[in-house]
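Single chain ahead, by itself, as C-alpha cells, in the form predicted alone.
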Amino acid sequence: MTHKPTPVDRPFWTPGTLVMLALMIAAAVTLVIRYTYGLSAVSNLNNHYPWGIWIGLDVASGVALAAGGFTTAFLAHIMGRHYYEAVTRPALLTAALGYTFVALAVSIDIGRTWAIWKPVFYQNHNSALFEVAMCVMVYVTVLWIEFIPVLAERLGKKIPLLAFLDRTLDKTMWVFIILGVVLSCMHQSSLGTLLVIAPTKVSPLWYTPFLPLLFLTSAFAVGYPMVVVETTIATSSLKLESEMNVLTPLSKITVLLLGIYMVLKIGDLVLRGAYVTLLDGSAQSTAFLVEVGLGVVIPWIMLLFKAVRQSRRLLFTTALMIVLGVMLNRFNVFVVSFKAPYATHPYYPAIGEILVTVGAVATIFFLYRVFVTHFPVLSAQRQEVSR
C-alpha cells in the first residue's frame, strides 16, 4: 500500500547513529592530517599509483551506486509509472548525497584541492575527464534542485524562497528530470572512457574499447537493486512496513537490465579472446571470476525465480550481490587491473584511506537519517504491532 511521504517518527540518537558519528570524527581527524602534512601522510598514493580506493570506491563506485536516482526518475516521471513514486524520493536523496560525496572525494584525492575549479574555465574539450567533471558538477546541482519540493513541504512556510522555488519548479521540473537522466548517461559511460586511453596499463580481462558501454549498462543494471538494498535497510532499521509491492516489480525489470549487461560483459570477453587468462590463478583472474560469478551470473539466475523476487530476504540478498558486484567491478577496473609500469611494489590502501572511505559512507548514512527524520522522504508507515 502506498502512503504519502512523511517524516519518520523514531528517536534519532541510537547506537547506530553514535557509531556513525564516531566514524565521521575519525575521518575528520584523518583529513586534518591530510591537509596539514599532505597526501603521503595518510595514503599510499605516489607517482606510480596516482589513485587508489578514493577513486576506485569513493568516486567510481559512488557514481554507479547513485544510479538509482536517475533510473527511478526515468521510470516514474518520464515513463509515467507513478506507481513507483514511493521509492523515487529515497532514491533521489541517496543519489544527491552520493554525488555530493563523490565531488568531495575527488577534492580530497587531488593534490591541490583549491584548484578544482580550474576545469570550468580552462577547458579541454578532448578530455573524457573534463566531460565527467562538468557532468558531475551540473548533475549534483540538478539533483538538489529536484529535491527542493521535499524541502519546501517542510520548510516552505518558514523560508519563503523555498516556497517560491517550489512554485516555479512546478512548471519546469520535467526539464531537470530529463537533464538528470541525460547527464547521468553521459558521465556514467565517460568513467569507462578514462581507462580506454591506457591500454598498456590495464589487464586484458577488463580492458576493452567497449568499457564506456559496459559502465553505462552496469549502472542501469545496479540502479534498481540499489533501490531494493537502501529501501530494505531503511524500512528494517526504522521498523517500517515492507515495500515489497514496489520492489518486486522493480526486480523483474532488473532481470532484463542485468541480463543485457551480462551478455555484453561475457560476449566481449569471448570475442577478444581474453578468457584464456581466466584460470591462470592470478589475483586478477580470481577478482574477475568473483565479480562476474557472484555479482552478475548467480544473482541473475536467482532473479528468474518468482519465489526470490517475492521474498524480502532473498530479494535483498540478491540485490546486495549485484550492488557488491558492480562495486567490485569499479574497484577491479581502477585498482586491481591497473599495472604501474615501473612500480617496485603493489598498491595497498593505507589506514588513512580506509578511514576516510568508511567515514564518508558513515556520513551519507548519518545525513540520510537526518533527512528522513525531518523531511517527508519515506512513504512506508510504521509496522503494526501484533498483540
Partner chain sequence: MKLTRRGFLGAVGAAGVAAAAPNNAQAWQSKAPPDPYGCLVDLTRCIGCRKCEQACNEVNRLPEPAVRFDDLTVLDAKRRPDHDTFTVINRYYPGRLDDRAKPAPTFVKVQCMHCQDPACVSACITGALTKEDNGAVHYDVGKCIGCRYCMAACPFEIPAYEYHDPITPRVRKCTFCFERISKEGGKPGCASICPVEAITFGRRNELLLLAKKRIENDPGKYVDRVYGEKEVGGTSWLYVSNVDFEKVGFQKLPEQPMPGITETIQSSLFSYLWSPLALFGVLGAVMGLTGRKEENHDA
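Positions refer to the first chain, counted from 1. Fair warning: this is a prediction, and the values are worked out from it, not measured in the lab.
What comes next is about the form predicted together with the partner chain, which does not appear here.
S.K.: Using heavy atoms only and a 4.5 Å cut-off, decide whether all three of 239, 281 and 311 touch the partner chain in the predicted bound form.
M.R.: So, no: the whole triplet misses the partner chain.
S.K.: Counting only non-hydrogen atoms, choose the one of 315-323, 355-363, 342-350, 57-65 that falls within 4.5 Å of the partner chain in the predicted bound form.
M.R.: It is the stretch 342-350.
S.K.: Would you mind picking the one in 103, 287, 128, 244 that has a heavy atom within 4.5 Å of the partner chain in the predicted bound form?
M.R.: Exactly one residue meets the criterion: 128.
S.K.: Between the options 266, 233, 178, 163, which residue brings a heavy atom to within 4.5 Å of the partner chain in the predicted bound form?
M.R.: Only one option qualifies, and that one is 178.
S.K.: Within 4.5 Å, heavy atoms only: does residue 94 come near the partner chain in the predicted bound form?
M.R.: Residue 94: no, not in contact with the partner chain in the predicted bound form.
S.K.: Answer with yes or no whether residue 174 is in contact with the partner chain in the predicted bound form, where contact means some heavy atom within 4.5 Å.
M.R.: Yes, residue 174 is a contact residue.
S.K.: Is the gap between residue 201 and the partner chain in the predicted bound form 4.5 Å or less for some heavy atom pair?
M.R.: Yes, residue 201 lies within 4.5 Å of the partner chain in the predicted bound form.
S.K.: Answer yes if any heavy atom of residue 190 is within 4.5 Å of a heavy atom of the partner chain in the predicted bound form; otherwise answer no.
M.R.: Yes - in the predicted bound form, heavy atoms of residue 190 and the partner chain come within 4.5 Å of each other.
S.K.: Residue by residue through 112-130, tell me which have a non-hydrogen atom within 4.5 angstroms of the partner chain in the predicted bound form.
M.R.: In sequence order, 112, 114, 115, 118, 119, 122, 123, 124, 125, 126, 127, 128, 129, 130 come within 4.5 Å of the partner.
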